[in-house]
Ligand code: HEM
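What follows is a single chain, given as structure tokens, in the form predicted on its own.
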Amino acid sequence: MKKRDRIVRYSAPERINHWIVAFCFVLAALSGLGFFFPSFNWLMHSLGTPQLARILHPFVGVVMFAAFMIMFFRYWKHNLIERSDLEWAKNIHKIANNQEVGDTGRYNFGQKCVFWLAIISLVLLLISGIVIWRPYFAGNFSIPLIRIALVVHSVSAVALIIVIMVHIYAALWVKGTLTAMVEGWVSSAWAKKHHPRWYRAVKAKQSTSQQPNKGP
């Protein structure tokens, strides 16, 4: 594909940040499942040994949260729910048949839902994780509060795992999406089909930047 038919969707720093979040999520999810389900205890070896997993798991979670917050402040404006998103939601059956609906911006309604559900889950995981984090913070909280935090942490973790599974499935299902996060670009045809309003904005910006500067 010719370079002029490509549109940059994610820069190298954005992609690196995304894969840091993804890597930390895998490690935290595997070790967390090992803690929660006795039959999955072997998953704790994803961080070395069960003992090491109990030490590293919360630190990995903090790194994941910090990296995601960078993404949050970078993309939150693009993920605000708009009136046009309602049309997308009402026609979800067409989306399931790989048809695009509405004048979608940089992210569609489904992607926005994943974004907000992920940040809510991560905030709950961080807060509850601090309460149950031994030996650093748990001693400052009562046993009933720690028990509540354990429930919140577990439910939030399951919710985040489901959200990320949906995110991965959608990335694999919509051809061309994975290329954006691996190589950073999408084709003009892909952008025009899946995110027409974002496509027009990018083209308008490119057109403006290519115009020669006029003297006084």
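Numbering starts at 1 and follows the sequence shown. All values reported here derive from a predicted model rather than from experimental measurement.
Unshown form predicted in complex with the named molecule; subsequent notes refer to it.
- The partner is not drawn, yet in the predicted complex one stretch among 31 to 39, 145 to 153, 164 to 172, 44 to 52 has residues with heavy atoms inside 4.5 Å of the named molecule: 164 to 172.
- Among residues of the shown chain, S128 is not one whose heavy atoms approach the named molecule to within 4.5 Å in the predicted complex.
- When contacts are judged by a 4.5 Å heavy atom cut-off, T104 does not count as touching the named molecule in the predicted complex.
- The shortest heavy atom separation between M71 and the named molecule in the predicted complex is within 4.5 Å.
- Contact annotation for K193: none of its heavy atoms lies within 4.5 Å of the named molecule in the predicted complex.
- Contacts to the named molecule in the predicted complex (heavy atom within 4.5 Å) from stretch 8 to 24: R9, Y10, H18, W19, V21, A22.
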